[in-house]
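One chain comes next, on its own, written out as structure tokens in the form predicted alone.
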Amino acid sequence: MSEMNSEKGEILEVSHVNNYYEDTGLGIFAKRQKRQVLSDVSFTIHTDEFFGLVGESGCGKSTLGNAILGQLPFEGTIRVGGMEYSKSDRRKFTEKVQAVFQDPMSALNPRMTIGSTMREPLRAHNIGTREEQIRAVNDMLEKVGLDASYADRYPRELSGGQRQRVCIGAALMLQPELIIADEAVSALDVSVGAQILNLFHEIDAGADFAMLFISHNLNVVYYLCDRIAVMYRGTIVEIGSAEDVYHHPVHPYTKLLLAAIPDFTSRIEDDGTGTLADIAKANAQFEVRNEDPEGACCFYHRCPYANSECLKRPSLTAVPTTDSEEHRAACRLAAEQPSAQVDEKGSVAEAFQSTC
């Protein structure tokens, strides 16, 4: 992971971002209804920082990633390297931000060789001569663990892990300031995914870029990232350093994610709180509320601790039980509920044992 430095600038600024989908409903006379997907999302990513965004499927993680890429409309402000996205400046914007997606096969043109695919960003931006572009492609293939001979192959001739290495290399060709990796290892075998995570570490040591790493796997995010934001129903419910969020979670949903990891509770220190085990048991016995009041806490319908005070949505506030000012949670009970104490990070292979 990159070393944090308070003097470093902010490469990504997400400020009060909202996004809505329109449900058409059934039947020709059905009324269109707006459904909010992202709700007042705000955070920043520092230069050279690996930032993890974690949450269950459907919480809005990929929607946020696509909004940052300029592929979806949104309300609010998103800036990459101080530049706000606009259609007129799309070419300059794509030089600053690139993406690596979950399925490498769908991201590669099956009719183009690997070399042509990786040269495409350079050709599109008129960078270098043909010979210089070819040399740049060969150099990048070496960086991602492939040799120059792969430039003449087609995607169908490569394994899933090799294709993902190509996608990572293609994303780095323009030397972007920000890379968005959306479930970049979730479709790969455990051993191959571990290799890709290690590749990210190696590239991070020799390149100058920040990453927004989107995943449903909290173990993987903790292994790779400097800071973590936990998202639920389009709202960030907890954010802080990887150590704070993983070792000292305070929001009930974060604790529930950790409690869902197989054999995770065996790594909790016996400090008498039993926090994760308690909340896992409480959620297993708790019936989801049918009511979902407008303006209430986003976790109101699932939280066994919710009461009338939770009918007003809480904002992200500093957690007083930790020393870090960056550790914040959107829960009125954050200061009252004991934080879990978890042992040290496991190996890269163990990072894939999470099913949460």
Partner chain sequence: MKSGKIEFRIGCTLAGIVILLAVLSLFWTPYGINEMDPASRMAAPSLQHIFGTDNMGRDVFSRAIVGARFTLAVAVSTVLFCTLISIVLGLLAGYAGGWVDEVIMRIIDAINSFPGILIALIMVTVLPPGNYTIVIALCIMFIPSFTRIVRTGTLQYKNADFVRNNRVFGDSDLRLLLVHIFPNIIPLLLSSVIVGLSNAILAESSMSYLGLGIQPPAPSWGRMLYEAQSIIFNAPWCALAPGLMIVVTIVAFNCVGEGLRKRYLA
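Positions refer to the first chain, counted from 1. If you're wondering where the values come from, they're calculated on a predicted model, not measured in any experiment.
Separately, the form predicted in complex with its partner chain exists; it is not shown, and the next lines address it.
- Interface residue remark: residue 69 is counted as part of the site for its partner chain in the predicted complex, having a heavy atom within 4.5 Å.
- Although the partner is absent here, residue 98 is a contact residue: one of its heavy atoms lies within 4.5 angstroms of its partner chain in the predicted complex.
- Its partner chain in the predicted complex comes within 4.5 Å of a heavy atom belonging to residue 91.
- A residue is said to contact a partner when one of its heavy atoms sits within 4.5 Å of a partner heavy atom; residue 110 meets this definition for its partner chain in the predicted complex.
- Proximity to its partner chain in the predicted complex holds for all of 103, 124 and 170, with the criterion being a heavy atom within 4.5 Å.
- Checking 134, 148, 83, 174 against its partner chain in the predicted complex, a heavy atom within 4.5 Å turns up for just one residue: 174.
- Across the options 206-214, 135-143, 115-123, 75-83, residues that bring heavy atoms within 4.5 Å of its partner chain in the predicted complex belong to 115-123.
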